[in-house]
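What follows is a single chain, given as structure tokens, in the form predicted alone.
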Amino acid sequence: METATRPPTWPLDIYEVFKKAGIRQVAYVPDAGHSLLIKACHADKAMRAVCLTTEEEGVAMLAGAWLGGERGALLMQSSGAGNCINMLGMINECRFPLLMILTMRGHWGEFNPWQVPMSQATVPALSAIGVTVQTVDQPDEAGETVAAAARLAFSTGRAVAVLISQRVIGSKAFGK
């Protein structure tokens, strides 16, 4: 017997937080874990969703957005965090606010061994460069956690990363 599964609601909770926080630019590297959130941002005529070729482009884009008077958010997978480390030093030194939402890979139920090393290094690497890290381990925590992270980032001029647990996004499987 097959059971129907409903799409997760946490991505739309985050989208609603973006709207309330006045986020107008969303930079992202394509990721299945963020797909519903990305679609919602693209559908919103008041937001500009920009597909990147690499994550550090989003750091620069959102620094420029802030200097131009707009708030933004960067969406990526944990494997992309390492690509941003050098650019995050600029964010820290210049005190630009940066809100990042990372879907985590390399933990619970992971099938791809290439995801594991950066997954283990994500929190230590981000913390070492001055990023405040907050985690979401349950789907119903996503909206509240992102709202708190947005307040922290935009009120204090700091980089804040919200890590969405692999338990929340679900593990991927190869085969069948």
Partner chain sequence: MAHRKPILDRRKVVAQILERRGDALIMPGLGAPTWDCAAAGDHPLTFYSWGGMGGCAMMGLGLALAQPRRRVLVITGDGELLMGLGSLASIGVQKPRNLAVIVIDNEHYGETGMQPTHTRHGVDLPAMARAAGFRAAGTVYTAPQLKAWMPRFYRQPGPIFCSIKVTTADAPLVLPVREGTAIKHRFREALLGGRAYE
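Residue numbers count along the first chain shown, from 1. These figures come from a predicted structure and were not determined experimentally.
The same protein also exists as the form predicted together with its partner chain; that form is not shown, yet it is the one meant from here on.
(message) How about A43 - does it come within 4.5 Å of its partner chain in the model of the complex, if we only consider non-hydrogen atoms?
(response) Close contact is absent here: in the model of the complex, A43 is far from its partner chain, nothing within 4.5 Å, heavy atoms only.
(message) Taking any heavy atom pair closer than or equal to 4.5 Å as contact, tell me whether T53 reaches its partner chain in the model of the complex.
(response) Yes, T53 is a contact residue.
(message) So in the model of the complex, is its partner chain close enough to A128 to count as touching (4.5 Å, heavy atoms)?
(response) Judged by the heavy-atom cut-off of 4.5 Å, A128 is well away from its partner chain in the model of the complex.
(request) Consider G68 of the chain shown here, and say whether it contacts its partner chain in the model of the complex, taking contact as heavy atoms within 4.5 Å. (result) Heavy-atom contact with its partner chain at 4.5 Å: present for G68.
(request) Just one of 31-39, 130-138, 56-64, 143-151 has residues with a heavy atom within 4.5 Å of its partner chain in the model of the complex, so point it out. (result) Among the candidates, contact is made by 56-64.
(message) Within 4.5 Å of its partner chain in the model of the complex - does that hold for a heavy atom of every one of L12, I23 and Q77?
(response) Looking in the model of the complex, the three residues L12, I23 and Q77 all stay beyond 4.5 Å of its partner chain (heavy atoms).
(request) Between 78-93 and its partner chain in the model of the complex, list the residues on our side with a heavy atom within 4.5 Å. (result) Result: N86, M87, M90, E93.
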